[in-house]
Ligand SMILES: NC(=O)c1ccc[n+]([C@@H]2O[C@H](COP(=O)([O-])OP(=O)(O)OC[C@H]3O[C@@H](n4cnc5c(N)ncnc54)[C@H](O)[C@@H]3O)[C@@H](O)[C@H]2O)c1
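Coming up is one lone chain in structure tokens, specifically the form predicted on its own.
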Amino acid sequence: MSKLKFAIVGAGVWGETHAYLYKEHPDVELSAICDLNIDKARALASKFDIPNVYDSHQEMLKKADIDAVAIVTPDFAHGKIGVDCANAGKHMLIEKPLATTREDVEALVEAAERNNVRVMVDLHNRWNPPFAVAKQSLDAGELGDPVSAYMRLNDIKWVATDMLPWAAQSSILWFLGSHSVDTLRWFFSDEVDQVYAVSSSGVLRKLGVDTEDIYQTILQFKNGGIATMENGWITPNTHPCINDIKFNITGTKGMINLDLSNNQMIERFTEDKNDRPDVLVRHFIHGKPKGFAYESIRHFVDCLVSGEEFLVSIYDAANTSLVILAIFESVATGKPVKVRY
């Protein structure tokens, strides 16, 4: 079987992550890289021996011999690129979220269906081992039917102030809330019926980043389950982990708690700092990329080869985006909002 020819749109930190995975996958030939900043694209191409470099995804789709595209751009740019890739007949792995407007969500789903291309969105928390084990317990009936849940997924300030130059054009809801909503939908095996949310701002704006600090959201599912969701970008930079992750699922027969930010699996103390190195999300072992944030990318390739269904469908991702749009509406109106599917 010939190798699948892949292209990456977006030569930032996570574009480099995709490059590592595709270069080591036995079924992939990494053929092209595209970024509006051609110098960044060339630098990544040089590091990974990628033969074709572009500063326009339209030009890349016309000229490059490729089967699939990884869209690794800022979240607000996914819609147009995704529709163009679908119309060019290319399968896609899109970094979360699928898109950030209803119009783009609907256009992407329609284009994918019309062109018969396969699309997965990298909502990688489904590969997170503690969450996966908890879901297996729930599915096995050990907890009974899910009744309520709580999920906190926050970042330290550095992510908004330094890591993401486009944070002011986005939101913590798109950046982390996408993972939260998808995880809760996955656990409840249900769609969100309505949401009620409030937000707070001021900390990041004083630091020069014009975006909300934190959202608190109540989600009510169609079958009656309820969940509380917290997403913030203002955890102190001294927090030992970039992410602050807490989760609870309570069912009619049992309960599971997860604390993934303050575990003590490994602690490191040097003359300059103390921290807890990441051994769960993304790290390298013996020169190979490991961690659940990498497994989702491998899963996409493996399913393209095997023909199996993706663990995250385009419809999962579409409904997750529509829930987040309802959260924004609830914050703006101060009222509960029905999710419009």
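Since we're looking at a predicted model, the values are computed, not measured. Quick note: we count residues from 1 along the sequence shown, nothing fancier.
Keep in mind the form predicted together with the ligand is missing from the figure; the text below concerns it.
Item checked: Segment that reaches the ligand in the predicted bound form - one of 224 to 232, 128 to 136, 187 to 195, 164 to 172, heavy atoms within 4.5 Å -> It is the stretch 164 to 172.
Next item on the list: Kindly indicate whether Ala160, His239 and Arg276 are, all three, within 4.5 angstroms of the ligand in the predicted bound form, using heavy atoms.
Entry: Verified in the predicted bound form; spot residues all out of contact, no.
Notebook entry, point to check: Of Asp182, Asp104, Asp244, Glu95, which residue is found within 4.5 angstroms of the ligand in the predicted bound form when only non-hydrogen atoms are counted?
Noted result: Spelling it out, the residue with a heavy atom inside the cut-off is Glu95.
Next item on the list: Could you work out which of Lys290, Arg298, Lys40, Lys47 is the residue within 4.5 angstroms of the ligand in the predicted bound form, going by heavy atoms?
Entry: When the ligand is considered in the predicted bound form, the option within 4.5 Å is Lys40.
Notebook entry, point to check: Do Ala332 and the ligand come within 4.5 Å of each other in the predicted bound form, heavy atoms counted?
Noted result: Contact with the ligand, no.
Note to self: So, Thr73 and the ligand: in the predicted bound form, are they within 4.5 Å at any heavy atom pair?
What the structure shows: Yes.
Check: Do Tyr20 and the ligand come within 4.5 Å of each other in the predicted bound form, heavy atoms counted?
Finding: Result no; Tyr20 lies far from the ligand in the predicted bound form.
Checklist line | Touches the ligand in the predicted bound form: Met60 (any heavy atom, 4.5 Å) | finding: It does not: once the ligand is placed as it appears in the predicted bound form, Met60 has no heavy atom within 4.5 Å of it.
Next item on the list: Let me know which residues along 20 to 34 have a heavy atom within 4.5 Å of the ligand in the predicted bound form, or say none if there are none.
Entry: Contacting residue: only Cys34.
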